[in-house]
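One chain is shown next in structure tokens, namely the form predicted alone.
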């Protein structure tokens, strides 16, 4: 009993240290976002003398917050819809097919997860230029779908294996074609893992900086994270406004995560038990 209490105490102590480690940067960002440049220069750890929202007003204007939020929402939502539809259909077909090629394609998608984005970004940019999609939101969405399907197919395949084949056979006997079997029988059963994939992909796409930097050339199409780059000049940076802007860019994502976090845990737990 005493040994168990000691182990629990050590675990709580380690969790407290990790909490401080992860929360300290957020604390620094929040308190300095309400300061003037002079206050921040004197001490980054002290609390602000007066709560000023001037930095948030400046950041709202420089970020073009409403337009960039809308652009980010469009890119994230269309990309996630594309990833979910294409990867769930592919995973269903690959998993249920008995052809040797199905196993080959599954391994091909899994192997592509090991290729880092930085090693393909130059050839990817040249391909986008040749196809005439560089600079457009639709082109950026298409590339996000291509980059996101491999992980989604891997997760969907593990989940599809747990669905009894008798359901598909019964639907076929009742006259359902392959697409109706997928859409009306299989896809509704994939709801937990679909929620997990959608949330993880939204977090990835919303926070991504490099791909929008490579693909988006018109400032009117900038995403939130890409617009934060406007705060950095050639010789100086308005750090208090930068911190206020970063808090504003992360706020929609924090709200989204708090609302849907239970689906992440539920989907991963279901996948670990069934897969």
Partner chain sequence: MIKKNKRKEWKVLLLFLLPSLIFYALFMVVPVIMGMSYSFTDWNGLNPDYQFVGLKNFVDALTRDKYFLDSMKFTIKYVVVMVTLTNVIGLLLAVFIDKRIKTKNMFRTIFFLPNMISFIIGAYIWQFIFRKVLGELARHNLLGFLDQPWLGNPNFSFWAIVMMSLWTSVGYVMVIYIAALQGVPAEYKEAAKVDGASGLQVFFKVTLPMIMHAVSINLFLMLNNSFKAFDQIYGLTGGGPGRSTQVMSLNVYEEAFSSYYRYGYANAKAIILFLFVLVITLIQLKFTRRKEIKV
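Because the structure is a prediction, the values reported are computed rather than measured. Numbering follows the first chain given and starts at 1. Here the rigid core means the biggest group of C-alpha atoms that line up within 1.5 Å when the two forms are laid on top of each other.
Another form exists, predicted together with its partner chain; not displayed. Remarks below refer to it.
Original post:
Does each of 15, 229 and 243 have at least one heavy atom within 4.5 Å of its partner chain in the model of the complex?
Top reply: Each of the three qualifies.
- Heavy atoms within 4.5 Å of its partner chain in the model of the complex: which stretch among 98 to 106, 157 to 165, 188 to 196, 73 to 81? Only one stretch passes the 4.5 Å heavy-atom test: 98 to 106.
*69, 250, 221, 58: which sits within 4.5 Å of its partner chain in the model of the complex by any heavy atom?*
Here the answer is residue option 250.
Margin query: Although the partner isn't part of this model, could you tell me whether residue 125 comes within 4.5 Å of its partner chain in the model of the complex, counting any heavy atom of the residue?
Written below: Looking in the model of the complex, residue contacts with its partner chain include residue 125, since a heavy atom lies within 4.5 Å.
Review point. In the model of the complex, does residue 178 have a heavy atom within 4.5 Å of its partner chain?
Key: The answer is yes: residue 178 has a heavy atom within 4.5 Å of its partner chain.
Practice problem: Indicate whether residue 170 is a 4.5 Å heavy atom neighbour of its partner chain in the model of the complex. | Solution: Looking in the model of the complex, residue contacts with its partner chain do not include residue 170, since no heavy atom lies within 4.5 Å.
Close approach of residue 26 to its partner chain in the model of the complex, 4.5 Å, heavy atom: Result yes; residue 26 sits at the interface with its partner chain in the model of the complex.
Margin query: Going through 143 to 168, which residues have a heavy atom within 4.5 Å of its partner chain in the model of the complex? Please give them in sequence order.
Written below: Contacting residues: 143, 145, 146, 147, 149, 150, 153.
Query raised in the report: Hey, does residue 242 budge by 2 Å or more at the Cα between this form and the one not shown once the core is superposed?
Result: Yes: residue 242 shifts by at least 2 Å between this form and the one not shown.
Point to revise | Core-aligned C-alpha movement of residue 68 between this form and the one not shown reaching 2 Å | key: It does not reach a 2 Å shift.
Threshold 2 Å Cα movement between this form and the one not shown for residue 210, core superposed:
No; that C-alpha moves by less than 2 Å between this form and the one not shown.
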